[in-house]
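A single chain, nothing else alongside it, follows as structure tokens in the form predicted alone.
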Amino acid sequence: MLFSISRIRIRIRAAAFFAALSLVAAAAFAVPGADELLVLLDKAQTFESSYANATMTIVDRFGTRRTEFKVWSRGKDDTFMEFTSAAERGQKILRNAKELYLFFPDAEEVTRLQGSALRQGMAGSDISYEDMTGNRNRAQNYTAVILGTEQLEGRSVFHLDLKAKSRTVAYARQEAWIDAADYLPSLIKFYDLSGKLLKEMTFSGRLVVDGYPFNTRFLVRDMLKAGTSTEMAFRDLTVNQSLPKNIFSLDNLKW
């Protein structure tokens, strides 16, 4: 009898152990919900502060040209860019939570962009002002559905379908393939309200800076134009460092 009771106790303890182990394993491999993935995507691309030098290579019917600039960012809303290449030197862009401003040295005045002007190509590229400065608020602007998990360039990704919550958002719908390991974007497709594919953005060149993963390159193709592309490459990346005083101010545009 004592032997039987002991065996029962051992079986109960073993069952409890394996049940606990199963719960731990399930938690370890739990798939985030669609809305949580959007939050993780935004978080992976948002920092207290960041800085980089960038090169933009534009291919169109006129050939290939390059332009360079410096870019600073703070949180989800603030971005400041200053062009350093000869043809565009002195041009500046400021984006905050509500507005986007341009400064051209020849005009010697600040221009505020609104509405459809935000969709214009930056420096004649396939990357709009909205693409460059306004894509860190997807969790706020879109609802998402997980379409599945896939393999893309040898990495596991979540495939999401995003629909805009309002007509004020630049793109009515997006498809996003998000890396399952670090939640950085691997591929994003942008659609208009009718479902027409407008752009594709492919990300590459992963680099870890101070423990944070980055995509150091992305290629944009405007699907409404034939034979054009724009590639953005970042270098000298820093994160969560002190930034120059008042860099995100309107006064800084004119200096």
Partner chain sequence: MNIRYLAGFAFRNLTRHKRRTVITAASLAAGLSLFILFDSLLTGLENDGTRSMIWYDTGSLQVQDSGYWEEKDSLPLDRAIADPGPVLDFLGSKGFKAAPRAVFMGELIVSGDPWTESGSVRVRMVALDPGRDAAVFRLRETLQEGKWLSDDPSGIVLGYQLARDLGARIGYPLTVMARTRDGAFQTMDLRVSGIVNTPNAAVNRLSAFVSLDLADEYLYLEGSVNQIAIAGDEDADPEKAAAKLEEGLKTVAGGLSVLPWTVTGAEFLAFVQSRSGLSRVLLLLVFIIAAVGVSNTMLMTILERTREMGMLRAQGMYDRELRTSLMMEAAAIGLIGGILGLVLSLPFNAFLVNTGFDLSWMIEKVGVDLPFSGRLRGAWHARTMLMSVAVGAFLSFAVSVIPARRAMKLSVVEALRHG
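Residue numbers count along the first chain shown, from 1. Keep in mind that what you see is a predicted model, and the values were worked out from it rather than measured.
Missing here is the form predicted in complex with its partner chain; even so, the following discussion is about that form.
Asker: Closest heavy atom of R167 to its partner chain in the model of the complex, within 4.5 Å or not?
Answerer: Judged by the heavy-atom cut-off of 4.5 Å, R167 is in contact with its partner chain in the model of the complex.
Asker: So, in the model of the complex, is K163 in contact with its partner chain at a 4.5 angstroms heavy atom limit?
Answerer: No.
Asker: Under a 4.5 Å heavy atom criterion, is E82 part of the interface with its partner chain in the model of the complex?
Answerer: Result no; E82 lies far from its partner chain in the model of the complex.
Asker: My question is simply whether K196 lines the interface with its partner chain in the model of the complex - judged by any non-hydrogen atom within 4.5 Å.
Answerer: Yes, K196 lies within 4.5 Å of its partner chain in the model of the complex.
Asker: Please pick out the stretch from 116-124, 143-151, 180-188, 69-77 that is in contact with its partner chain in the model of the complex, where contact means heavy atoms within 4.5 Å.
Answerer: Stretch with heavy atoms near the partner: 116-124.
Asker: Establish, in the model of the complex, whether H159, E175 and F218 all lie within 4.5 Å of its partner chain, using non-hydrogen atoms for the distance.
Answerer: So, no: the whole triplet misses its partner chain.
Asker: D35, D210, E48, D192: which sits within 4.5 Å of its partner chain in the model of the complex by any heavy atom?
Answerer: Selected option: D192.
Asker: Judged by heavy atom distances of 4.5 Å or less, which residues of 61-85 approach its partner chain in the model of the complex?
Answerer: If the 4.5 Å heavy-atom criterion is applied to its partner chain in the model of the complex, 61-85 yields only R61.
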